[in-house]
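As a starting point, one isolated chain is supplied in structure tokens, in the form predicted alone.
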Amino acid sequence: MDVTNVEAAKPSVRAFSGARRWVATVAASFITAYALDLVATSLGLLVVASGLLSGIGYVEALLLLLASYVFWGSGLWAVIKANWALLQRTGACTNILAKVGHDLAVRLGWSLRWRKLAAYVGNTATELAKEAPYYIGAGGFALFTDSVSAIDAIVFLAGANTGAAIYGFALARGLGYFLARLAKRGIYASFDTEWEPGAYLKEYYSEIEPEERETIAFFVDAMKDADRTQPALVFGVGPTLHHVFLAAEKVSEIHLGEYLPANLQEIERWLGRDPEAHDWRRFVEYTLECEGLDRPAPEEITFREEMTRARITDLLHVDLRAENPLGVENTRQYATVISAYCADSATGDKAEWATYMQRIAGLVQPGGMLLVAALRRSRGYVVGGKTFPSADVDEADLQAVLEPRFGRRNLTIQACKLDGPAGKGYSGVVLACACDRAERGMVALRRAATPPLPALSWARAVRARAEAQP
């Protein structure tokens, strides 16, 4: 998700921020705890007072208690999952320990899986602790009064567990409805105030995720038709370079367009060889593999990095909210435009996304090529426990917005379903290449007339020399 521009979360509909998340969590925790106790205790007392189970024995009572715990556990699981979804979307939840565990894991730089586990453990520990007063109360009455028998105490616990389960299912349903309302109203974290490039890089680019394997391979194949004589624009580059390396050998120069200054600063750190800059070598290696190099050598990776630094000649401030995203004075168009996880990750509104995509497509010169990647049917993606918008688009939406500009037969669109749960807010991506096929003959002639750039041939020469040495 290469963030571009948009203040997607306007003040009137912005998700909770900072201290407000903690205030909301503490308040929700106390309210839901008291409500749970009220429902569970009331149902437990009601079951005992009704006398419906007064004639059962110890074995039946214990079996009933066991069954109630199974029911209670299923209700608890529903609440835990709903709280996790709420944490991911708003940064707040209905359980203090779940938020403590989650936020601590975020600060420690733990992966999404471990953050989820920390939240789950905090939530479970809280609910188990809530069981103690019921056992103390029921056991105390059974031991110290003659009016309450041991069986009555067990029946009370079974009723309380049932009440807690019913409440859990109701709370989970309520949280789900609340999240649906947030999605409908477009309530997300703010790019301008809550976006953290470092957290994004660490969370998404410490390794090559499945969506990026699909995206890079698709783009590498499409870039075979790029015009080597012309510059390329990577629009909405974010703080990332993984879609830039694949263009370095295929175009004359590269311009990077981005809205957030903090993202451009990350790019500048890498260009300046800052030791603290993000390490992209694994992505360069995978790019070279997609281009046909088997097990690229360190020298080959370094050469592509240096070539990329040399090809990047301009860093542009862009803004999709403007009719001309490059600025009023800049009416330039490009032979090749790459825009990955940009427009769809800048807004939660599909109509707004369509407008942004049309503006990006307008940056492609006649006969040029546009490469696009988007999250498939996602309403939001998670970075550092905060949910940023996604426009809930799919391949049909992408075709509808690109076809008027490029024509149906000039589009190649590929939907990719990703394995595993949608823990970050998405479970698939859509990739597209829009290229005026009528112009490809001229492109081929230009490529034939242009001496090939030396990256791949140089890399193979390095390898040949290395293999020839004893």
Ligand SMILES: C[S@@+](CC[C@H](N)C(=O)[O-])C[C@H]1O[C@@H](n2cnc3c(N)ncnc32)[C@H](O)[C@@H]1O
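Since the model is a prediction, treat every value here as computed from it, not as a measurement. Heads up: residue numbers just count along the shown sequence, starting at 1.
Here the subject shifts to the form predicted in complex with the named molecule, a form of this protein not shown in this document.
Task: Heavy atom of residue 191 within 4.5 Å of the named molecule in the predicted complex - done: Close contact exists here: in the predicted complex, residue 191 approaches the named molecule to within 4.5 Å, heavy atoms only.
TODO: Look up in the predicted complex whether residue 171 has a non-hydrogen atom within 4.5 angstroms of the named molecule, and give yes or no.
DONE: No.
Task: Contact test in the predicted complex: residue 260 vs the named molecule, heavy atoms, 4.5 Å - done: Output for residue 260 is yes: heavy atoms within 4.5 Å of the named molecule.
Open item on the list: If we define contact as a non-hydrogen atom of the residue within 4.5 angstroms of the partner, is residue 72 a contact of the named molecule in the predicted complex?
Closed with: Flag for residue 72 set to no.
Open item on the list: Partner absent here, but in the predicted complex, which of 116 to 124, 252 to 260, 295 to 303, 220 to 228 has residues with a heavy atom within 4.5 Å of the named molecule?
Closed with: So the stretch in question is 252 to 260.
Open item on the list: Does the named molecule, in the predicted complex, lie within 4.5 angstroms of each residue among 25, 77 and 84, using heavy atoms as the measure?
Closed with: Spot residues vs the named molecule: no contact at all.
Task: The single option of 341, 334, 245, 156 touching the named molecule in the predicted complex, heavy atom within 4.5 Å - done: Checked against the cut-off, the match is 341.
Open item on the list: Please tell me which of 319, 214, 152, 103 lies within 4.5 Å of the named molecule in the predicted complex, judged by heavy atoms.
Closed with: Looking at the other structure, the residue within range turns out to be 319.
Task: Stretch 346 to 367 - residues with a heavy atom within 4.5 Å of the named molecule in the predicted complex - done: Heavy-atom contacts within 4.5 Å come from 346 alone.
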